[in-house]
Each structure stands twice: as C-alpha cells, then as structure tokens.
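Take a look at this one chain, the form predicted on its own, written out in structure tokens.
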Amino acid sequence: MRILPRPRTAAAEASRLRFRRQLIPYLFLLPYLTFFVLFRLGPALAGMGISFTKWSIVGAPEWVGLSNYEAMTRDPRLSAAVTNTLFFTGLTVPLLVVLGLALAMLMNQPHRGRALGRVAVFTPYVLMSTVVGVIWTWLLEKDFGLINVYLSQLGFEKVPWLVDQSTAMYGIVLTTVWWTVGYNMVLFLAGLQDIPTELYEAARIDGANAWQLFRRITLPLLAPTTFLVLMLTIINSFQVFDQVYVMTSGGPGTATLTLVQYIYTTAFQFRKMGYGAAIACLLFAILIIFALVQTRAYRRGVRGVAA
C-alpha cells in the first residue's frame, strides 16, 4: 500500500515562506562572511594564539605562555611607539574632524565650482600611500623641498621636517591630514545633505543667525555622522603605517616609530612573530577600549539630548 505525503497546511506553508525570506539576506552576506572569516577573523584568532609562543616563522612555534606580554613591560621601544601613536592620534583626529566638517559645510553651499572643489579635496585620498609618501618626502625635504623654499622666501628659517626628532612627527601629521581629510569631508557632506532644509528656513524666519543654525541644528543632527567619523579616524590613526614606512621608517631614532611600524619590524624584520603578535593584541585592546569609551559617551549624549 502506497503512503501519500501529508498535504501542507496553510500555516506550514506560510512558515516555510517566512523562513526563506529571512534566509535570503544571509545568502547575500555569505560571500563577504566567507572572506571575513578566512582572511580577517581567522588570522586574528591565529595571531592571538601565536602571541603565546616563540616563533621565528621557520620551524615549529614554542609555547612560552605570558612571556611575550611580560617582555612588553620592559621594552623602551614599545613605550616610544605607544607614546608616538597617541601623540599622532591626538594631533590628527581633531584636525581631520574639524577640517572635514568645515570643508563639507563649504562644499555644501550652492556656489559655482563646488563640484570641482569636492573633486579637488577628495582626489588625494584615492592616491596610493607610496605615491603620497614620495610626494611629501620631496615637499618636506630640508634643503630643496618646495615648502622650505617658500618659507625661506617669506623670511622664515628652513624646517628640518623629516630629519629632526622634534619636527618629524609634524611632517607625518601634515601629510596624513592632506591625504585623508577628503574622506571625512565626503562623510560629513552626506550627513549635511540628509538634514531637511525646512529646518534652516524656519529658524531663519525666527531670527536665528549662522552660529545658532550651526549649534542648534547642524551639530545635533550630525551627531551620528560625527560619531562614525570619530570612530573611523581614531582607528585609522592608531593603525598608521604606510606614510611612516615610506617617509621615515620610524626615524630619526624612534621619533616617528608607531605601533604598527614596530609590529612590522619586530615580526618580519627581526622574525619575532610571537612578540609581534603580542604587540598586535595590545593594539587591538587599545582600539577596543577607545571604541567602548566613545560608544558610551555617544549614548550618554544622545540620552541627554532626548531628555
């Protein structure tokens, strides 16, 4: 006797269709998630494991427990790298956020040439880091660099931008701001264009001036965009490497040695993969702490505005 399958009820069919609809977004995300696990999450977890070993790339890793982390507390070069990275971040983040917002507000005005201005400001961001580093190494050259030539013509002394320990980091900061401020401008510009123009028109009718418009309308409604820009800028600043490697290689001395630069030299030049992985874990912990602090501050600010 042949047993026929039970007919599906309407509820079962609706549940099946609901499950398929919920599954579709994850199917679209599957290629990205696959690459993320293979090339980001997987290596990150492997790096955490390597940080507990002594390994010189060749041969088998030797388990050393917390020895690498203990060695970090006695490493003066690591202290210099952390200090330099914090100093670099403290200079670049305010400049990139303030200049990015100022340029976005300027390029958001309905005047002639704003499309050309947007392209001019954003174009440096699409250049390769090596190209940017070489260009600014020439511009900041002590004797024949274009910037020092103009400074001398104006009656100022030439600045040894990249060859003096007291000025080298400022040269890196100047290069970074020129290179990446266009990206922040685009993010702020997108946020500004989402603010309804009716709010500004109503405020002007009530007699609000430009500063009041900025303080009472622009800044509060740009809070989500500002949070995003701050988060991305801080993360990128802590991971600065390319321009430092091309322009100074961490010198002179340790004046521009940053955390990622030190991770690279430790792991791939001196072949201390375990110790380099431990420093990378330290950088990860610092970024997590900054992200948590900033997220908590943002939520408190949002609750304060809502109240």
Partner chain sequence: MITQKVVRLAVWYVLLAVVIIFALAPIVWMLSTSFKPESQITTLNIEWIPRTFTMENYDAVFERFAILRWTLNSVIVSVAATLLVLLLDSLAGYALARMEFAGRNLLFSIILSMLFVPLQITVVPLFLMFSKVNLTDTYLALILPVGANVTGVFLMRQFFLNIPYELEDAARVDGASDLRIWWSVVMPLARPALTAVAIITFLSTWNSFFWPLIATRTDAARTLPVGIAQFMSLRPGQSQSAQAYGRSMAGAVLAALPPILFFFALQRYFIQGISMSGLKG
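The shown structure was predicted, so the numbers you read here are calculated from the model rather than taken from an experiment. Positions refer to the first chain, counted from 1. Take the two forms, find the largest set of C-alpha atoms that superpose within 1.5 Å, and that set is the rigid core.
Note that the form predicted in complex with its partner chain isn't included here; everything after this is about it.
Participant: Can we say 71, 170 and 215 each have a non-hydrogen atom within 4.5 Å of its partner chain in the model of the complex?
Facilitator: Looking in the model of the complex, the three residues 71, 170 and 215 all stay beyond 4.5 Å of its partner chain (heavy atoms).
Participant: Partner absent here, but in the model of the complex, which of 86-94, 125-133, 195-203, 217-225 has residues with a heavy atom within 4.5 Å of its partner chain?
Facilitator: That would be stretch 125-133.
Participant: Would residue 113 count as touching its partner chain in the model of the complex under a 4.5 Å heavy atom rule?
Facilitator: Looking in the model of the complex, residue contacts with its partner chain include residue 113, since a heavy atom lies within 4.5 Å.
Participant: Residue 236 versus its partner chain, in the model of the complex: is there a non-hydrogen atom within 4.5 Å?
Facilitator: The answer is yes: residue 236 has a heavy atom within 4.5 Å of its partner chain.
Participant: Should residue 67 be counted as a contact of its partner chain in the model of the complex, where contact means heavy atoms within 4.5 Å?
Facilitator: No - in the model of the complex, heavy atoms of residue 67 and its partner chain never come within 4.5 Å of each other.
Participant: Residue-level question: is residue 14 within 4.5 Å of its partner chain in the model of the complex, judged on heavy atoms?
Facilitator: No, no contact at 4.5 Å.
Participant: Looking at its partner chain in the model of the complex, which residues in 21-39 have at least one heavy atom within 4.5 Å of it?
Facilitator: Sequence-ordered list: 21, 24, 25, 26, 28, 29, 31, 32, 33, 35, 36, 38, 39.
Participant: Rigid core fitted, then: does residue 296 show a CA shift of 2 angstroms or greater between this form and the one not shown?
Facilitator: Residue 296: C-alpha displaced by less than 2 Å between this form and the one not shown.
Participant: Indicate whether residue 37 shows a C-alpha shift of 2 Å or more between this form and the one not shown, with the rigid core used for the fit.
Facilitator: After core superposition, the C-alpha of residue 37 moves 2 Å or more between this form and the one not shown.
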